[in-house]
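So this first bit is one chain, no partners, the form predicted alone, shown in structure tokens.
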Amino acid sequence: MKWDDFLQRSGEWLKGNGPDGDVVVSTRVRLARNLSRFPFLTVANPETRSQIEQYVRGRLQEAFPTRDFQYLSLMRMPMIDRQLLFERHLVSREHAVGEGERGVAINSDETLSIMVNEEDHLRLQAMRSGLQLDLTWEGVDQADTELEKRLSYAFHPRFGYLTACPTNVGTGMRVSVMLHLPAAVISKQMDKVLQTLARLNYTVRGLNGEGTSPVGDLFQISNQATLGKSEQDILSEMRKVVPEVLKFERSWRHKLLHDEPRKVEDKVWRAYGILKHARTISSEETIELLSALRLGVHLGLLSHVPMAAVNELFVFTQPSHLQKIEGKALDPEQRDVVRAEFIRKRLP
């Protein structure tokens, strides 16, 4: 594994050039799948887990022989490397810190990753920059189709795909859209948004997904129900919900800029000043300031700052990325110093 590749480039979903990129950071579609010939991982012993990993790895190599895929065994990987994959959104937190034989297949532009032995035997996920529901779905669906030619999935004619967690039974599909909603937060309107999403059966999480709270005005919304709905039903519902949130956020951005231009400009330029000149800065403060910076770029207040650079800083300033860049372990205080220096160099 050439970790320098990860440190010298960013995944496609971080480029900030997707549709509706002023509000939508990324789109993700995830499928949960299990094999009919093996028990669920909740009751599988270490030997069975190993058999599943070896069997699936072989089928992955058959399904994608000519694509630029690489397969990584997490069990034999140092924690810092596993954490980097998590910070990159290529594996879940549970997959990074779990035990037993497990792995992940990743393509070169990081638009597709396939986790083996996470909560289910397989977790396929596709990610794209901006709001690209159809393209993201097509990517993961094609990969699923190729694997289903070689694997017998656990499927029930009435219930659909069978999964370790009952909430995933049916399509096994989760659609997530990461939204940047600073105006809703500044205007104290976010509670209304969250209440509306909850009534519509959508869950809201933070930057790093399940188990994380929203920081930096970044919110991941995803569908809760999969049973009794087709994949197109889930996508269709998301197509209706997300544009309403975008309209709401944009209207409040316009209102803030019209009613309180100095307040908005001050927030943006203070964030830029701290990020550009700080000598030590924590991860939490960095995310909050980058949120203000991102808002400033899309409002035209920071025309010299590329959106891709801001999006990348959300990921590259996290602990494992910084330590891999430095080539050594760093304690929290050292990371804060290295983080500040890294930001100063990367911000134009």
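Residue numbers here begin at 1 and follow the sequence given. Owing to the predicted nature of the structure, the values given are computational and were not obtained by experimental measurement.
One more form of this protein should be noted, the form predicted together with another copy of the chain, which is absent from this view; the next part is about it.
S.K.: Taking any heavy atom pair closer than or equal to 4.5 Å as contact, tell me whether R262 reaches another copy of the chain in the predicted complex.
M.R.: Because a heavy atom of R262 falls inside 4.5 Å of another copy of the chain in the predicted complex, the answer is yes.
S.K.: Does the 4.5 Å heavy atom contact test between R279 and another copy of the chain in the predicted complex come out positive?
M.R.: Yes - in the predicted complex, heavy atoms of R279 and another copy of the chain come within 4.5 Å of each other.
S.K.: So, E138 and another copy of the chain: in the predicted complex, are they within 4.5 Å at any heavy atom pair?
M.R.: No.
S.K.: Using a 4.5 angstroms cut-off on non-hydrogen atoms, would R270 count as touching another copy of the chain in the predicted complex?
M.R.: Yes - in the predicted complex, heavy atoms of R270 and another copy of the chain come within 4.5 Å of each other.
S.K.: For a quick test of understanding: in the predicted complex, does each of E53, M115 and L147 have a heavy atom within 4.5 Å of another copy of the chain?
M.R.: Spot residues vs another copy of the chain: no contact at all.
S.K.: Among 36-44, 316-324, 55-63, 281-289, which stretch has residues with heavy atoms no more than 4.5 Å from another copy of the chain in the predicted complex?
M.R.: Residues of 281-289 come within 4.5 Å of the partner.
S.K.: Which residue among L162, I274, V185, L197 has a heavy atom within 4.5 angstroms of another copy of the chain in the predicted complex?
M.R.: Of the candidates L162, I274, V185, L197, I274 is the one lying within 4.5 Å of another copy of the chain in the predicted complex.
S.K.: Tell me, which of E244, E99, D266, D134 has a heavy atom within 4.5 angstroms of another copy of the chain in the predicted complex?
M.R.: It is D266.
S.K.: Scan 322-347 and write down, in order along the chain, each residue with a heavy atom lying within 4.5 Å of another copy of the chain in the predicted complex.
M.R.: Only V337 sits within 4.5 Å of the partner.
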